[in-house]
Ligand SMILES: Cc1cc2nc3c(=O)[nH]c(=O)nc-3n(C[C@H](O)[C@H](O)[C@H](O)COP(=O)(O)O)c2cc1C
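A single chain comes next, written as structure tokens; it is the form predicted alone.
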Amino acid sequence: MTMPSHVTALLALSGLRVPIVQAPIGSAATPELAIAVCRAGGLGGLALTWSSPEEAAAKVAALRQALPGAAFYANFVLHFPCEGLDAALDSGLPIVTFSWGVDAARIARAHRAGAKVGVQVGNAAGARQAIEAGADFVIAQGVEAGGHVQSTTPLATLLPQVVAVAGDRPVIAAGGIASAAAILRVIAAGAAGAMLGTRFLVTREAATHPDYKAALLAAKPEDTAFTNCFDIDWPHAMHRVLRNSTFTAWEAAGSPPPPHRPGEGDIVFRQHGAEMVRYCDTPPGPEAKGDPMGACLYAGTGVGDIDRIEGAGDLVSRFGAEVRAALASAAHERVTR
């Protein structure tokens, strides 16, 4: 099967079979999720920003044992200290991605450890900085993305700008992608692959509360909001979430700043022995007790394309088959024209 050259560049760089990347969806990104994605031919990964060196090393070692010879990645958010980065690299992390910043020294450190490096960007200037700093690939994140969002630009506008700057470096598109058709659209626009986040929240392996998964299944794009409402633990960072009781009460009150927000200081849910207050940026995991639906519920605008809960491997295989078939058909049409 003939793949577009920009797609084969990503596959060659990472060893993938399909151009699908699981986003680093924070605490919802379990080892089981990453392993399932990788075994199906995509690129799975973990969010290790807040892991201690010991935890990061153990998680990387566990994935290397479960995925001998296969690529996987870990993400580090440069807004935070990233204490586990060196330990993860020293444990043989094959691919690292950085978001919320460009750090040439850390990119060089990763390269010395033998890792490939991707950098998430929100505009063309950021892409240029990432390439100049040595990034092997870049991730163009549009404003449609769920979770914390670097960009204020729609992906359809951002992607061609980043592709133009990236040159021969592969560009992965992110933001509002939750179907095979959406993956094909970004590939047609020059992306080498697609990063999906919200879609993987609704998989069996994701550490997501069942009510949260149900809400994502029922949601439409207009049910999401781009906001700074849930800013405790990460102030001044915009994010996209589902509109829920906390958000609508805050918006109805005129979106007041802290500490004047409705219900400020309330305990919304408890999990793993910790109490989570209203407006914190932690989403509810499977063990959350209390009012998990009043918590921060990250969701991108692609949420309307989610129609089932399934295993992550089944999802990657299903989308991968649809993408391969469509690309093969397009290549055949070009040849026979």
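The shown structure was predicted, so the numbers you read here are calculated from the model rather than taken from an experiment. Position 1 is the first residue in the sequence shown; the rest follow in order.
One more form of this protein, predicted in complex with this ligand, exists but is not displayed; see below.
Fill in: Answer range among 130 to 138, 74 to 82, 183 to 191, 262 to 270 for contact with this ligand, defined in the model of the complex as heavy atoms within 4.5 Å
Stretch 74 to 82 is the one.
Worksheet item: Mind checking whether each of Pro24, Ala174 and Leu196 has a heavy atom within 4.5 Å of this ligand in the model of the complex?
Response: Yes, each of Pro24, Ala174 and Leu196 comes within 4.5 Å of this ligand in the model of the complex.
Practice prompt. Evaluate Leu67 for contact with this ligand in the model of the complex, applying a 4.5 angstroms cut-off between non-hydrogen atoms, and reply yes or no.
Written response: Looking in the model of the complex, residue contacts with this ligand do not include Leu67, since no heavy atom lies within 4.5 Å.
Worksheet item: Taking heavy atoms only, is Leu201 within 4.5 angstroms of this ligand in the model of the complex?
Response: Leu201 belongs to the contact set for this ligand.
Discussion item. I'd like to check something about Gly300: if you look in the model of the complex, is any of its heavy atoms closer than or equal to 4.5 Å to a heavy atom of this ligand?
Written reply: Taking the distances in the model of the complex, the answer for Gly300 is yes, it comes within 4.5 Å of this ligand.
Worksheet item: Does any heavy atom of Ala145 come within 4.5 Å of a heavy atom of this ligand in the model of the complex?
Response: It does: once this ligand is placed as it appears in the model of the complex, Ala145 has a heavy atom within 4.5 Å of it.
Worksheet entry | Within 4.5 Å of this ligand in the model of the complex: residues from 35 to 67 (heavy atom criterion) | Residues within 4.5 Å: Ala47, Trp50.
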